[in-house]
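Okay, so here's just one chain, in structure tokens, the form predicted alone.
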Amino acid sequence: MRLASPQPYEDLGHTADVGVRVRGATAEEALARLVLAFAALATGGREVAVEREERVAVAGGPELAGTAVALLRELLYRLATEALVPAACEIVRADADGVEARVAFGRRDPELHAEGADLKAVTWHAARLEREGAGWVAQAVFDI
């Protein structure tokens, strides 16, 4: 399932950093929403014009939370080095060994996205991608 911004997310209310929680019917949907929550933080929730789509594959683990952290770290690297921000995402596969995603990227514009957070790192603190009730929950905390 391909999801595009904006997607709903909860602010974890972290005192020193910024954290988000998302929900989905599947692990893939929850992880795609986590990717788009990351983008919303980086852009201040403003729209991103799609420039290109890429297949992104990263090794993951331990467990699904580690896979989520690995994917977010790859996306943070692309933000830091190329100013790329996800505008849409489809998680093709996600398991404890890694993730494969199709991500539509646009560029972070320093003026348009000035309200966005200066995300410096993806932490292990409170990282989750797991079943909760009938659905899935994913969350991450970012150093700012």
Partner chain sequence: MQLRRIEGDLWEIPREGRMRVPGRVYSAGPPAPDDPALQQVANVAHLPGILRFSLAMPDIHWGYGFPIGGVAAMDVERGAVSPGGVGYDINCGVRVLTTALEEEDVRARLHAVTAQLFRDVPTGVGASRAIPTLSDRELDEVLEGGARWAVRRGFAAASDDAERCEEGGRLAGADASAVSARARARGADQLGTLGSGNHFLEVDRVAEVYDPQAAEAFGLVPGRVALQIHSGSRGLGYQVCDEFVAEIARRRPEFGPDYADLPDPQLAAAPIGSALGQRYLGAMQAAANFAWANRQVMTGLAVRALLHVLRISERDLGARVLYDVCHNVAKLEEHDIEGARRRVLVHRKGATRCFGPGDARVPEPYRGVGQPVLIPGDMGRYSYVLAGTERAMRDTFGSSCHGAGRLLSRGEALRRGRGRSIAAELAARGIEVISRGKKTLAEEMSDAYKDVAQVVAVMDAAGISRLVARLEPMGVIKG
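Numbering follows the first chain given and starts at 1. Since the structure is predicted, the reported quantities are computational estimates derived from the model, not experimental observations.
One more form of this protein, predicted in complex with its partner chain, exists but is not displayed; see below.
Exactly one of the stretches 22-30, 47-55, 79-87, 98-106 approaches its partner chain in the predicted bound form with heavy atoms within 4.5 Å, and it is 79-87. By the 4.5 Å heavy atom rule, the three marked residues R2, L36 and V92 all fail to count as contacting its partner chain in the predicted bound form. Taking the partner from the other structure, its partner chain in the predicted bound form has a heavy atom within 4.5 Å of a heavy atom of G13. Under a 4.5 angstroms non-hydrogen atom cutoff, its partner chain in the predicted bound form has A117 among its neighbouring residues. Put simply, R131 is far from its partner chain in the predicted bound form: not one heavy atom of it is within 4.5 Å.
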